[in-house]
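The chain below stands alone and is given in structure tokens; this is the form predicted alone.
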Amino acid sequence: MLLQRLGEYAERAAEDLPAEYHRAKVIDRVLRLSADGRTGELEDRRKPAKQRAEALVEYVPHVQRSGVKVPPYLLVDTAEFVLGVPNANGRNGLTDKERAEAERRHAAYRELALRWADSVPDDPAATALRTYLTAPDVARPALDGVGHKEMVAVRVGTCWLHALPSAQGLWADVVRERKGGKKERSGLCLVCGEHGALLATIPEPVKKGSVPTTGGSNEGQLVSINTAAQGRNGIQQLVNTPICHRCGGRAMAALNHLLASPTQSRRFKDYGTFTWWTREAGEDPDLTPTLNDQPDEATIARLIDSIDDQPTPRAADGVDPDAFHGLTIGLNNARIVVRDWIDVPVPEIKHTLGLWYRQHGVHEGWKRRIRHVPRWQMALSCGRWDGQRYVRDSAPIGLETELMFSALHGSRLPARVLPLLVQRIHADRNIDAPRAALIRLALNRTDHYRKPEMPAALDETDNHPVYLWGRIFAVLEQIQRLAVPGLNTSLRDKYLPTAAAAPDPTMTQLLKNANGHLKRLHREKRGAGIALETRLNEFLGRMPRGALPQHLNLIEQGDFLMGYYHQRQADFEAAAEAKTSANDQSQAPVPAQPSA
């Protein structure tokens, strides 16, 4: 199914894909041949790392190659193949073995290049190359300072030889010869269902750097059976996985093209890459920013509205207008690991993403808005808080990928999220919008949660004792802050972990302490003291006697933290409104004094 969808994308995006078995590479040097092939000059196109964007990049022949006798690419290869520059990086200097290997590689390159030149005898560029490679008296460039790994392309006048259709066609034939195995096979392709020549191995790996891992990055094969333990009946290579040359090449070209796209792939640090596409051409204005974790509020509003969309008669008949395909891959040594694959109609994925945003948005009191948090920020909030910001690289590895999985499938959050988050909050006493959003999402996606949905803002009607206890804790904190301003250690700093884990004994102690603070407020700030005491008594009156348990489980601790967060945001909003009202009154025009 995955290879079929990649093949369909390759057919649709044929104009954007490189030629068969070609890949973009940085060209370090250009071997410029005269029109008659009698002289060759070497042009240095290397750029420092800081100027990498200015480097010369060309789509050139490429296929995975390995083994002791490494074969050449057609026309564009390293200096060891194109110019015969030996590997001089050994500790003992240049050895006879290294010279012999450089000569072998250059001879193989020369043989392959002449095969192409002989296939197009009337092409002037091919004639020039043949002359340069075979004539004994041509002027060849000096090779001082040329590294054996530098990529060298050949040009005659203004013509890139590797870009000629005849060269691209011959290279495709060469790859089929190499990847068809020692014994040519043909049969029914598992992907397209048609008879054709079959591959022995997948010709092109996933490009190095496309899939980051904790152990660095390398190329990886999507389908690889190179040990007896992996193949059915101990048979290696693609004998029991028949894939034709066309499907294998197109699927890998499409996958590399998608992974290189800045708008259709997202890399997770140290933990793989997510890429997506739709069956129909064109980028969806809502899906592209959302999957890149950069949606604006208008996009989020449309996604949330799509939850209530009724299916059109066409959709009701089972005819979906478009399909969404998402692939999450990792890398294990040189093999690609498919972590997730999703193939659903576009309206369904929008519905699922809309649920994600509706279930995690949280109220921000000072800004008087509902804030939706990016997934990367949610994952980061599970890391360590240093008092100013989240410490870099302290977030759990792979968590953003797991959140992406949950967002795409509408499933529960990973089991480790809520315990980890509560543990972090207990340790650093910080509960901000990203953490509150993640707690709300975890509660809303928990089976058999006590109510249909934890709301984004304060729920005045919720009389659950744990939620009320969270609100009471926020009121007690405010009483202490107003009564004793400038404290180094607040109520939250000292009691938040025990209040969340063992509420009954903690509440008894904190209510006793609050009496002294309220007396002080009544003396110094009577209005605030009366208001806070009234609110505290109201909450205590709504809580049934003995309803608060001795200990709270993780879900209940999430309830407590949401009650605390909601009450604080409601207080912030009230303060913001009061401040706005005071500013409006101060700026109101002063009425003119009546004349005497």
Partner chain sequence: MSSTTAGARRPARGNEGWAFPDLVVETWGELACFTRPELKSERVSYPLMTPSAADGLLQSVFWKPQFQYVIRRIEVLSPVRWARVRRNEVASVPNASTVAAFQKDRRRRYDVEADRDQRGTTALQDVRYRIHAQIAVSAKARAGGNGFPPASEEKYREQLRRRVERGACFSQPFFGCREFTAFFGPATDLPPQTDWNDELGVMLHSIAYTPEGERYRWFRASVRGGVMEVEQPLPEGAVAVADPHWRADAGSGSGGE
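Positions refer to the first chain, counted from 1. Predicted model only: the values in this text are computed from it and were never measured.
One more form of this protein, predicted in complex with its partner chain, exists but is not displayed; see below.
*Asks:* Should Asn233 be counted as a contact of its partner chain in the model of the complex, where contact means heavy atoms within 4.5 Å?
*Replies:* Close contact exists here: in the model of the complex, Asn233 approaches its partner chain to within 4.5 Å, heavy atoms only.
*Asks:* Is the gap between Ser66 and its partner chain in the model of the complex 4.5 Å or less for some heavy atom pair?
*Replies:* Result yes; Ser66 sits at the interface with its partner chain in the model of the complex.
*Asks:* When the contact criterion is heavy atoms within 4.5 Å, does His426 count as touching its partner chain in the model of the complex?
*Replies:* Contact check for His426: no, nothing within 4.5 Å of its partner chain in the model of the complex.
*Asks:* Is there a heavy atom of Phe405 no more than 4.5 Å from a heavy atom of its partner chain in the model of the complex?
*Replies:* It does: once its partner chain is placed as it appears in the model of the complex, Phe405 has a heavy atom within 4.5 Å of it.
*Asks:* Could you tell me which of 78-86, 328-336, 472-480, 382-390 sits within 4.5 Å of its partner chain in the model of the complex, going by non-hydrogen atoms?
*Replies:* Residues of 328-336 come within 4.5 Å of the partner.
*Asks:* Go through Thr241, Ser265, Gln168, Asn444 and name the one with a heavy atom inside 4.5 Å of its partner chain in the model of the complex.
*Replies:* Looking at Thr241, Ser265, Gln168, Asn444 one by one, just Thr241 meets the 4.5 Å heavy-atom criterion.
*Asks:* Heavy atom within 4.5 Å of its partner chain in the model of the complex: which of Asn226, Asn513, Ser119, Asn430?
*Replies:* So the residue touching its partner chain in the model of the complex, by this definition, is Asn226.
*Asks:* Non-hydrogen atoms within 4.5 angstroms of its partner chain in the model of the complex: do Leu2, Leu222 and Gln237 all have one?
*Replies:* Yes, each of Leu2, Leu222 and Gln237 comes within 4.5 Å of its partner chain in the model of the complex.
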